[in-house]
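Shown here is one chain on its own, the form predicted on its own, set out as structure tokens.
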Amino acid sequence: MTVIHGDLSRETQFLQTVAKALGRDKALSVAPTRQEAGPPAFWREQQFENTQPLALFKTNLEALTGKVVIVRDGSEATNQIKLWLKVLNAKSAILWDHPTLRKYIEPAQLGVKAVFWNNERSREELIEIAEQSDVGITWVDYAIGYTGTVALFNGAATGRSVSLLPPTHIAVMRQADIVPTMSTVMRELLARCGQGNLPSAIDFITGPSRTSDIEMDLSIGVHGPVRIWAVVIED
């Protein structure tokens, strides 16, 4: 009983501290009635210039050691990826078999062995290829300016292993698909939900893999790629 009384005392003290910080005389005994749900109105009503999402995305991803290069079309995007593969001394790459990625990127011009993630191989074989590939190349459905995040929609031809297993992840996107905030992506997903058009999984990736769970010692690339580089196509 002594332990319970001690816990209640600490809980009461904690709630009183929170109430004081909120300008209240004492902690509330019943939950307050909310006037709105989700993000506050001032956040939803923010206005952005056309170029702001791209500028924010570039600044925030590069702050996390990422790279962002802006090109005019698919030809320049292919050349940029080829240059990065040469810098990395890469010998192989695995790509999503995504129709828009195929539209912009010419795998035969990359100068490395390129394999598509699709149903022409078994899942086990594709995972093994992804493990051994130097680079994984994906198409980005949405990128988020405020956090430098890429949102990848997974499916049969867009496997998660492509962005997870190789040491370098190259993400390709259109400038038009870079949005300011996460809430924009969520609204799009809600619309898709009503149409029965959701992907099997969605990855939100912000910078390279990092962890500090052991002695607060920051380690990069333990649970995923060491690098994430982005090609933004203005087209």
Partner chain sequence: MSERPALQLRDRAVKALKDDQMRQAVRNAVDRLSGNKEKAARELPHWEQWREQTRLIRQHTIDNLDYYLKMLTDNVRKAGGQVHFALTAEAARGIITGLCQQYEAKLVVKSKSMVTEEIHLNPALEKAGMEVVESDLAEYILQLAGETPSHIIVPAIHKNRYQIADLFSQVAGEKVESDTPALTRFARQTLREKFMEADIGITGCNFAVAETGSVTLVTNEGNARLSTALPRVVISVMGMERLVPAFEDLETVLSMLPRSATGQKLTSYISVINGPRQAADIDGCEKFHLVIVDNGRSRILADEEYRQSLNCIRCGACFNVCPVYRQIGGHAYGSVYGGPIGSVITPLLENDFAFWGELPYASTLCAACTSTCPAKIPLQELLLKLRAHRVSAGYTNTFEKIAFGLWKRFFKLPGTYKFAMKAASLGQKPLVKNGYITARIPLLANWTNSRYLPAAADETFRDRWKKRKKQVSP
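Throughout, rigid core stands for the largest set of C-alpha atoms superposing within 1.5 Å between the two forms. Values in this document were obtained by computation on a predicted structure and should not be read as measured data. Numbering follows the first chain given and starts at 1.
Missing here is the form predicted in complex with the partner chain; even so, the following discussion is about that form.
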property: Which of 66-74, 47-55, 171-179, 203-211 sits within 4.5 Å of the partner chain in the predicted bound form, heavy atom basis; result: 203-211
property: The partner chain contact in the predicted bound form: G111, any heavy atom under 4.5 Å; result: no
property: Partner contact for L83 in the predicted bound form: the partner chain, 4.5 angstroms, heavy atom; result: no
property: 4.5 Å heavy atom contact, W117 and the partner chain in the predicted bound form; result: yes
property: 4.5 Å heavy atom contact, R123 and the partner chain in the predicted bound form; result: yes
property: Rigid core fit then V222 CA moved by 2 Å or more between the shown form and the other one; result: no
property: Cα distance between T33 and M186, which in the predicted bound form differs by 3 Å or more from this form, closer or farther; result: closer
